[in-house]
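First, one chain by itself: the form predicted alone, in structure tokens.
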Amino acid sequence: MNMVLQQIINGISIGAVYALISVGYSLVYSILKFSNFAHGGVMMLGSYFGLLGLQYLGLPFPLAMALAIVGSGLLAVLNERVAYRPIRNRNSPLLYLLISSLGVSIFFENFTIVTIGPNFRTYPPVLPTDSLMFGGLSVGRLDIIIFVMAAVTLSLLTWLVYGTKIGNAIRATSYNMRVSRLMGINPDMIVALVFFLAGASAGLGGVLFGIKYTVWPQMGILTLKAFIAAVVGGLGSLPGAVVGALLLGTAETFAAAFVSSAFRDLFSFALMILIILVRPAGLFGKITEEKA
């Protein structure tokens, strides 16, 4: 029993990081109805922003984390303004947005390799890494900190989207952009805000992942797992993204512990396929006319 509980704890820890990243997918999908695969590059650069603040600017950790969050948010807004808005303004098919996001993702990755280098980098010891024992269970202090920071961030995002006037404007725009314009809402500003929130949450996720593991230019591939989590929970649903991320993290740790670490990805994709077969829109999603 302790072995099972230990794997659940480990799964929740990595699932919390997945959740921070997957909510960005869901936020962007809810407003523009396409999957933003450049989100991984934003997460990766956010991790580098935090490392830059700590190692080269000498900032204390809270300021370095703030730099990563704000920098990633602004980068996501710039990405939308340069790569996506011209396509939207021409009323092009959603497939064009998807192709553009893939191109931006490749650009971010190669730009990082050329300017910073392809080597793995590690964060300095800014957070405690020792473990606490509860009975026969080992819980890392870092895992607790990651879970608390993710929970607070996701709670604030949920409150912003579902409990404020800005959130009402976001949900109105996601429902019908043209009608929201008639109601006095500026859709371009709402889209920019959504991209900032998505980028900021990805930047925080990138910093936490970098502290727990390491940083490298191809780490944006991690967002493929976050995308799976968003699909499992239901694209466009914030609660669904969180639940999907926790399920995915737990499934991965169980696969690694009881089968083999080589089967982690196999279980991730198998979970996504199973959920899609049973509920095509995900656990909390709704059927829409077009998805990309």
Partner chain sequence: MSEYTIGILILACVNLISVLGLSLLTGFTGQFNFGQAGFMAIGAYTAAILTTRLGAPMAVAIAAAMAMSGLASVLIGYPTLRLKGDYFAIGTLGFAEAIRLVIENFDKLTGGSRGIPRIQTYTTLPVALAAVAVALVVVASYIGSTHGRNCIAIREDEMAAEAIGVDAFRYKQVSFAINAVLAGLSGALLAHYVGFIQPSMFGLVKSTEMIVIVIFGGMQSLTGAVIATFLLTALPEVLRAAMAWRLVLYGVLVVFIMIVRPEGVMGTWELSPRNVKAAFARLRSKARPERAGKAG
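Computed from a predicted model, the values in this text were never measured in an experiment. Numbering follows the first chain given and starts at 1. Superpose the two forms; the largest set of C-alphas matching within 1.5 Å is the rigid core.
As for the form predicted together with the partner chain, it is not shown, yet the points below apply to it.
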Close approach of Ala257 to the partner chain in the predicted bound form, 4.5 Å, heavy atom | no
In the predicted bound form, Val104 touching the partner chain (heavy atom, 4.5 Å) = yes
With the partner left out of view, is Ile9 within 4.5 angstroms of the partner chain in the predicted bound form by any non-hydrogen atom?
-> no
Taking 4.5 angstroms as the cut-off for heavy atoms, does Leu95 touch the partner chain in the predicted bound form?
-> yes
Could you tell me which of 121 to 129, 107 to 115, 137 to 145, 176 to 184 sits within 4.5 Å of the partner chain in the predicted bound form, going by non-hydrogen atoms?
-> 107 to 115
Among the candidate residues Met189, Met133, Val152, Val82, which is the single one with a non-hydrogen atom no more than 4.5 Å from the partner chain in the predicted bound form?
-> Val82
Going by heavy atoms, what in 233 to 266 lies within 4.5 angstroms of the partner chain in the predicted bound form?
-> Leu235, Ala262, Phe263, Asp265, Leu266
If you line up the core, does Ile275 shift 2 angstroms or more at its C-alpha between this form and the one not shown?
-> yes
